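To begin, one chain is listed below as structure tokens, in the form predicted on its own.
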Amino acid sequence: MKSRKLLMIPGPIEFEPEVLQAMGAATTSHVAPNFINSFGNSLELMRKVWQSKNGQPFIIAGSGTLAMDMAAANLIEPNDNILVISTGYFGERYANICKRYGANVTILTTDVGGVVSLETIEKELSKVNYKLLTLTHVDTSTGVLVNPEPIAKLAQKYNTLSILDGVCSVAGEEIKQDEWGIDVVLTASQKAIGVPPGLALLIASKKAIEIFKNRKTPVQNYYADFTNWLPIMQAYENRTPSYFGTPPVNLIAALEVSLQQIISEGMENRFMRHKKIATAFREAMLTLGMELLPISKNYAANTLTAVYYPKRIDANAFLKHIGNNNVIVAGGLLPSHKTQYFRVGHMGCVNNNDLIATIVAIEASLIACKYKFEIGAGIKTALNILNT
């Protein structure tokens, strides 16, 4: 009998057995030949997942917030003008990070569940000489998906660096860093990358590295400074040992395994799998009479879904009943709407059976909460989509 519940939150996610086996292997030295090769291989595999042949990858012990912090710390100097395009909690977080480094920050926002229009973004870029802009590909707080490509093209038009917060998107949503011209794409290990928490991952373009090298002031963050980490990444990729801070050996071994699995699946296949699973779940929720937080299906992410609780349903009881059916989902995160919705993660190695089990648990919870609906309707809708 299984002794644990199915984890269907927006991270950490369920992990492949081979990844966990790598985590559980005996820890080796960070300068052992097998680890050096594993680290170097992971850096090279990142380029394939990010679709960035020309970028500089970084693998650092830390969270997704550290990856956000690193990009800001190395590219921002005091009084730089920074444009933050926000679709939720983590856009606001990026604004706060940028302010810490003395930036003049302008935030573009929209109604909850929507996206900032390209016209609004271009109008702002045309008014002020912005050094860089940040955008959240998928905001974990809202489940809103932004199309990065046209925004990156606008950034290039106005000679502005672009930072893509891909914490909840890399390896789940389509990203072509070089082709789209994005200067930094960052993420964390515990989401669609499919490795337990503890790794901050990012790739910086040649342009971003040049801007960093030509900065006039020291980086105001010792641990995050590219000056310390760039030689380390270059050494490991050249299969030679180097040291600044002890790398998380087992996590990097697990990362290599997961990146190999991702590449083996094929990036386009992986994107399509995430899209189909997400579509099946969204349509199931709509069939049950529930509403999505994103105001349009076009703005709904493929890595997680944010769903409003049905009216007159006790949110705590609803979540408790789902848990009693051996599935864990997440409550709301956006402060203004926190008690109004829940979130389901469906990224990484999630499969059709996981999705159906989650919908079954949600339907069972709705029954327990006396919600009126056609029993099995959500499951039927999802299966029709998954089986096409």
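What you see is a predicted model, and the numbers here were worked out from it, not measured in a lab. Counting begins at 1, following the sequence as shown.
There is another form of this protein, the form predicted in complex with another copy of the chain, and it is not shown here; the text below is about that form.
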(request) Give a yes or no on whether each residue among T65, N325 and N351 has a heavy atom within 4.5 Å of another copy of the chain in the model of the complex. (result) yes
(request) Look up in the model of the complex whether H30 has a non-hydrogen atom within 4.5 angstroms of another copy of the chain, and give yes or no. (result) yes
(request) Please check if Y236 has a heavy atom lying within 4.5 Å of any heavy atom of another copy of the chain in the model of the complex. (result) no
(message) in the model of the complex, is there a heavy atom of another copy of the chain that lies within 4.5 Å of any heavy atom of L319, even though the partner is absent here?
(response) no
(request) Report whether the minimum heavy atom distance between D225 and another copy of the chain in the model of the complex is within 4.5 Å. (result) yes
(message) Looking at heavy atoms inside 4.5 Å, which stretch does another copy of the chain contact in the model of the complex, given the options 264-272, 75-83, 122-130, 100-108?
(response) 100-108
(request) Just give me the single entry in Q156, T279, Q260, Q220 that has a non-hydrogen atom within 4.5 angstroms of another copy of the chain in the model of the complex. (result) Q220
(request) Taking 4.5 Å between heavy atoms as the contact cutoff, choose which of T240, S296, S117, N96 touches another copy of the chain in the model of the complex. (result) N96
(message) Under the 4.5 Å heavy atom criterion, name the residues of 220-252 that approach another copy of the chain in the model of the complex, in sequence order.
(response) Q220, N221, Y222, Y223, D225, Y243, F244, G245, T246, P247, P248, V249, N250, L251
